[in-house]
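One chain comes next, on its own, written as structure tokens: the form predicted on its own.
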């Protein structure tokens, strides 16, 4: 039986195991998929132990995506561009890293939500591994420009590798004369801590919003806040999670599962008894 896992901190809330088990059922594969609590700085030790005990591949989530990038022997083009990794596997004893976040987000935004990104202005909150993974795919989708806002300005500025990307800290951005945005993406970890980024309400009013975090049984705090401020749409990251997981599953098993049935089952609470 093939052994896989998701690594991160926090990790108890992760739905990755039930998602991959649903994919495996469709593909008629027998796998195990576990959650392994892995704090920052402990990824190499955890991966080494996981491999010795039969691990074949792993997903990584907050706060490990940049750490995973630095550990890999080989990287896909998507991972090299993002400088962050969310999917790992071993081949000929070497650790490979890929990043399916960006393509997963695009699949969700365009196919499930029906958003048209070409020529649009996008606001991204946060400058961590999640943001790194989605920048290049958004640019390739033809967005007009992307504004990144982060508590630490230098971290956001480090991602401005394209003339269509601009960086601010929150104080400066909230006082800026930037034009309205079509889409606001919360790529911070605030929702996992039941907190909100220090963003003024005007920036989500009349915009589509997506929180990359998710809660299976209720809206995230950011979703609740965005709805109250007049957002056109306030979605969580569940759809993106399933889309990027499907791309990772294809990388491991050479089988692309159907995404929509799993998203629907999750929305309907089909896996509500899963360990969260």
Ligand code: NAP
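A quick note: this is a predicted structure, and the numbers were derived from the prediction, not measured. Numbering follows the first chain given and starts at 1. The term rigid core refers to the maximal set of C-alpha atoms that superpose within 1.5 Å between the two forms.
What follows is about the form predicted in complex with the ligand, which we do not show.
- Contact between residue 164 and the ligand in the predicted complex is not found at the 4.5 Å heavy atom cutoff.
- In the predicted complex, the ligand sits within 4.5 Å of a heavy atom of residue 129.
- Not displayed here, the ligand is kept clear of residue 87 by more than 4.5 Å at the level of heavy atoms in the predicted complex.
- Taking the partner from the other structure, the ligand in the predicted complex has no heavy atom within 4.5 Å of any heavy atom of residue 36.
- Of the candidate stretches 151 to 159, 137 to 145, 68 to 76, 201 to 209, only 151 to 159 contains residues with a heavy atom within 4.5 Å of the ligand in the predicted complex.
- Checking 31, 43, 251, 62 for any heavy atom within 4.5 Å of the ligand in the predicted complex turns up a single hit: 62.
- A heavy atom within 4.5 Å of the ligand in the predicted complex is found for one listed residue only; from 95, 106, 117, 192, this is 192.
- Residues are counted as partner-facing when one of their heavy atoms sits within 4.5 Å of the ligand in the predicted complex; in 83 to 113 only 101 qualifies.
- The Cα position of residue 62 differs by 2 Å or more between the shown form and the other one after fitting on the rigid core.
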